[in-house]
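Take a look at this single chain, the form predicted on its own, given in structure tokens.
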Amino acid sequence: MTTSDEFKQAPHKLLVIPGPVEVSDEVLFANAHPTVSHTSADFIKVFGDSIRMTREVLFTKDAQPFLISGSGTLGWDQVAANLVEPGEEALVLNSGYFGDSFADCLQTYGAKVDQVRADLGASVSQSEIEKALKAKKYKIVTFTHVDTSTGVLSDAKTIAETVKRVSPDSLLVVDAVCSVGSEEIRFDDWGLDVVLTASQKGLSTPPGLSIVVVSQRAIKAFESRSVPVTSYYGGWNRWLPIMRNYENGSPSYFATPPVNLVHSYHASLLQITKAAPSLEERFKLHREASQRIKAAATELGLKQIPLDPAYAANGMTTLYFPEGLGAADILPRFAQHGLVIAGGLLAGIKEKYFRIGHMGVTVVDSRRNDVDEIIEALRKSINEAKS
């Protein structure tokens, strides 16, 4: 029988898209745990510990995590179905593709949605946020912490300060699918109400787990709804007892959790919260790796989508193709050098740029030399395409 110390994943091209990302051997091995009953004592402990460690990642003492089988997109549904009643007002701070999608989801569930759109490569300014909040009362305000389509990083702390000052009754929702684990998020200190994410990015776990963390204030807003929740699978009226029961050591059932994936997520959380490097050191390592990759791109004459380094995500990099070149010239060359990167996503410019992900174990485990490989492949691919 293979042990976790002996297990090595099969050779493969280095996956450096903005998610899914590479996972450690230990995390992948945990996914091969014998499938157990979701009501077994072994799984109850693993699930309960995973809920508690999720709080640690976001620096919160009492927010309620929901760990549900699904993609990050399910987080939008949970917010729209549970926190906004039909006809209520929502404000979306839009910095790219995923702002459009969140707005669409909210409207699908009957919310009245206004948007404040940032210029391409920037995030919404605090003055624009303040102006919008003074013009109308909103039940929720949402923004994308790192928009994966543009690589733009919004200043979560400052946005939270503005919302709490100008519209303290509004619930603040952060789409952090591409930032949890790679960008600093201090849930309690910043006064956040919802952080939604997924397993396959900075949390360094295979895809398939929707992770939503909800403040007690938002839970109270949910519990005081005047109309029933408009989602069956995503309704917190069904999931809240499940999460509470598992954390208290009792099995509970609404829908079968992905037991193997939860074992994998648990293994990753142990590495993130209980082992070196610390969370603060992880954030520092992501910043340093980001600076190295972006500096290498600048040396090659490549321009980034973010207009200012302050707007640039630390877990990914978005780069315009060199003049006269496109995806067919660049992406296959990365593959020839053993890396998988991503093309563009944002409508209107999707053919003009490419995206590299650098988060999780790729950044944290220096023994892998992944960041060096990314920089070397970037240099070779661009220089070969230009020659």
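Numbering starts at 1 and follows the sequence shown. Just so it is clear, the structure is predicted and the values come from calculations on it, not from any experiment.
One more form of this protein, predicted together with a further copy of the same chain, exists but is not displayed; see below.
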Residues in which of 281 to 289, 185 to 193, 299 to 307, 247 to 255 have heavy atoms within 4.5 Å of a further copy of the same chain in the predicted complex?
-> 247 to 255
State yes or no: in the predicted complex, is some non-hydrogen atom of A328 no more than 4.5 angstroms from a non-hydrogen atom of a further copy of the same chain?
-> no
Should A347 be counted as a contact of a further copy of the same chain in the predicted complex, where contact means heavy atoms within 4.5 Å?
-> no
Spell out, yes or no, whether the shortest heavy atom distance between S366 and a further copy of the same chain in the predicted complex is within 4.5 Å.
-> no
Although a further copy of the same chain is absent from this view, report whether D104 comes within 4.5 Å of it in the predicted complex, heavy atoms only.
-> yes
Interface check vs a further copy of the same chain in the predicted complex: of G121, P241, P277, G208, the one with a heavy atom inside 4.5 Å is G208
Residue among S231, Q126, Q115, T273 with a heavy atom within 4.5 Å of a further copy of the same chain in the predicted complex | S231
Would a further copy of the same chain in the predicted complex be within 4.5 angstroms of a non-hydrogen atom of every residue among S71, D77 and F98?
-> yes
Can you tell me which residues in 28 to 60 come within 4.5 angstroms of a further copy of the same chain in the predicted complex, by heavy atoms?
-> L28, F29, N31, A32, H33, P34, T35, V36, S37, H38
